[in-house]
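Listed next as structure tokens is one chain, alone, in the form predicted on its own.
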Amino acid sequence: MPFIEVARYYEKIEATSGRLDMIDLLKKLFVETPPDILDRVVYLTLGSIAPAYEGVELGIGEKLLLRALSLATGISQDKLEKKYPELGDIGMLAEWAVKNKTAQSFFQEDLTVNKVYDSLINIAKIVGERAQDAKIRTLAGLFSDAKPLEARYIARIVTEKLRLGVRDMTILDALAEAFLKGRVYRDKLEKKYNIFPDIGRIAKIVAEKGMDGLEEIHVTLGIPIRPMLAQRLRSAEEIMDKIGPKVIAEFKYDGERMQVHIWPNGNVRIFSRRLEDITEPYPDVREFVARAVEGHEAVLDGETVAINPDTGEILPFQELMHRRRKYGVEEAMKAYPTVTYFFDVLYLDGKELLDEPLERRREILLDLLKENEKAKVVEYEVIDNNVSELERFFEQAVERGTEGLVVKDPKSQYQAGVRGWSWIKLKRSYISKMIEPVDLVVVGAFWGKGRRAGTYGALLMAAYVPEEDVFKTVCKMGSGFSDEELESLPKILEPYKIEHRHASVISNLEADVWFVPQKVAQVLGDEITLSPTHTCGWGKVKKDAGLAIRFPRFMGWRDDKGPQDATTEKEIIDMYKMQLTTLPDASEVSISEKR
């Protein structure tokens, strides 16, 4: 398949601001793609060459790309560097350079999808002393053969700045329409994707075999399952009313969610909540989990926390993040020792356990795990129709340095990739006003004035709506940044910058700059109020009004979370309703509503 055909579709997708139009374009692209290479087209459309959990990296930054572009086109690197700020986009620079190249190739060939994909795979595999030069030569070969439009998208894919804004869920919609006779089958497709999140492989299977192909997809060791997530409520009584009378209450640790895959030979791989392979930074977790599950193959779900080596106290999540490094792993392991608490088993010795009730999975976990000082079963209690007992256990969890509890329905199945009401968080900060930060996605920005001239004065932040796969605005955030953080905002957000509002962003405000919804920030505000402007919760609390976070402050980036892990619209609505019960009188409510 000529790569120029794919590039033309990318150009159309880039120009559209309607999500349904985007899905229709993707459907047409997928139908026109030969099934045996559809996986490659899907990866490239997502700006990658493999699923996230494989950790494949091209290792090409802008400097190396400019060298390759110079080699391919005959335009000096100095000239390219001067032209870049004028065009403001690495893809447009590559397109301009190829269009105006002075070097002539005597062996120019039309690019195919396979040629582009295989070249990128080869670039990723090149390692060693002369790796940079070899990568540059391979990339230059692509640019030598590329048409200007092809060069635009090759440059963006290579530098991870594709900017189409296509996400996995959009791909699933398009696949269902292309090969499963309509989006009515989208749920079945998503269920399989949730247990086998290699969307390229799934695309290839359904293109070749349709619905029958879905039956071939199962839980597989080494391929992470999308984690089940919890809703939140503010009181033990509400939780008992929701999922009682009998519940399993577990300590909620302030650590890193880990899905651990174990082989009978002791091999262990660890995946993050975002399905990234984080095995290397945690040799201690690997060692102690392998010892605890010796002789079995299993997939376990748990939380790893950092421990103060002197006191045994649980350290905050930010301290654990010192472990996420490529170098100095041994030193970090000594400075920030860990304990992993497991709360679920999803697969054991060839059998999928997701459809088993939680109480049965807990029995299997207790029988399987031979606890040691670094690998334990989560601390929990079974509570039967007793709100005061649940409150007591909550207080005990808080006193022990945890965030609170996760309360679960004993009969619940493991719903991969779903945030449902079978699991409910009860955290100490929900017992008041907006004390706990929320995780919001940057969708736009406004240029600053005065001291902030030349950088962004405020960011437009949005909550996620999983039912619609869209992002709805909830605040403009301009506080909480240090001077250095403010100065760095344009550079940090440059990879996500686009020319128009993204198709999945719903906003009544017109930002100065728009972004692909990707970067997640932790935000703390004073309270949540009714808003005549913001779209989050629009019409769901009051007619012709949405919800806004008042006095939002930047607390830090959440690079461990993707946009679909952000705080949801439903959670914002629930937090607003919780607030109302804490207000002293009705007059304060009316003041809040007028804002």
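Nothing here was measured: the structure is a model prediction, and the numbers come from that model. Numbers follow the displayed sequence, beginning with 1.
From this point on, the text means the form predicted together with a small molecule, which you will not see here.
For the options Arg501, Arg273, Lys83, Lys476, the residue carrying a heavy atom within 4.5 angstroms of the small molecule in the predicted complex is Arg273. With the partner omitted from this view, the residue of Trp423, Phe196, Phe515, Tyr282 that lies near the small molecule in the predicted complex is Trp423 [heavy atom within 4.5 Å]. If you check the small molecule in the predicted complex, you find no heavy atom from any of Tyr9, Lys101 and Arg156 within 4.5 Å. Stretch-level contact check against the small molecule in the predicted complex with heavy atoms at 4.5 Å: of 135 to 143, 251 to 259, 329 to 337, 196 to 204, the positive one is 251 to 259. For Phe343, a non-hydrogen atom is located within 4.5 Å of the small molecule in the predicted complex, even though that partner is not displayed. Not displayed here, the small molecule is kept clear of Lys540 by more than 4.5 Å at the level of heavy atoms in the predicted complex. Proximity of Asp173 to the small molecule in the predicted complex falls outside the 4.5 Å heavy atom cutoff.
Interface membership of Arg419, defined by any non-hydrogen atom within 4.5 Å of the small molecule in the predicted complex, is confirmed.
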